[in-house]
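Just the one chain here, laid out as structure tokens, in the form predicted on its own.
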């Protein structure tokens, strides 16, 4: 018999929760930086919005195997705060960059909502420019009101979609969010639960709702109950058909085993969003786009695909081009999403290639030995500059 959503045993702060919050915490900084800069350059109201679609109660009962969430600015009445307080804390840290920020916290369970509302009312320290709206109701209903009332035109909006289980991941709702300009999302994709109920007739409708149709089984040809990657890869492909242009996934495992708990699935319509989240995820947990402490292959210190591999890729891929550094990184991000190389790695590789005489760099944005922005990289097969 499954526990109800307001059961205390469901609200224990565990290592995989901390890993999830680390990604959210680290992404909100660059997200706010970039989107407020965009607001200013587009001469539109400098406002941002974050929607926590399954906000819970903002209050964990205890922590097991990890420390409670650390807040820098916000003072919460509970020893174990949740994602709503994290969001308020991170937006407060960047309050000098926007005129106003909206936080919408949605919770369907009545008891959880009451605790959430009381907890947020007693939470202090967040900036006065931030408005808070706690909403009681189902995610599917409340979030569509946000989507339909703004159509993405009033301000950039980030949706944190972190449900218990998978029944609430309505494909039509998720793709409506994902296809809206200026909207991004981060979803907890509960692959372990889905695998558990994959053959259950009682869960057939819920699974069909996640994938958007009832013939998904026939299309996941390589799926294996011991390997869940095809399941999440198929899900992201389905999302990209009608939702966001770009998706990215991050695996989270149990800290003491190699068992996957769930994936975080990111969706965006802008290449820069993909690049930023990829950079964030590459430095969270153990690196290599996974929180997998007991898997050496996911240890960034032990398995870093930098060096010859990255340099060879750059030479092979761009051998006939002159290309800006920004465009090079954007292309590498798209084509090597899960290779363990970040923007700084590509910069270091290009610097080595320049020293070896294999590329010429015309510095436009940077000076001296820097490489960034509109700097032009000539891979020598082109005769436009650098000979």
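Quick caveat, the model's predicted, so the values are computed rather than measured. Numbering follows the first chain given and starts at 1.
Separately, the form predicted in complex with a small molecule exists; it is not shown, and the next lines address it.
The stretch in contact with the small molecule in the model of the complex, judged by heavy atoms within 4.5 Å, is 56-64, chosen from 56-64, 350-358, 36-44, 324-332. In the model of the complex, no residue of the candidate spot (233, 266 and 337) has a heavy atom lying within 4.5 Å of the small molecule.
When you look in the model of the complex, the only residue of 212, 271, 163, 255 with a non-hydrogen atom within 4.5 Å of the small molecule is 163. Taking 91, 261, 177, 106 one by one, only a single residue has any non-hydrogen atom within 4.5 Å of the small molecule in the model of the complex, and it is 106.
None of the heavy atoms of residue 159 is located within 4.5 Å of the small molecule in the model of the complex. The small molecule is not drawn, but in the model of the complex it has a heavy atom within 4.5 Å of residue 82. Heavy atoms of residue 112 reach within 4.5 Å of the small molecule in the model of the complex, making it an interface residue. Contact check for residue 181: every heavy atom lies farther than 4.5 Å from the small molecule in the model of the complex.
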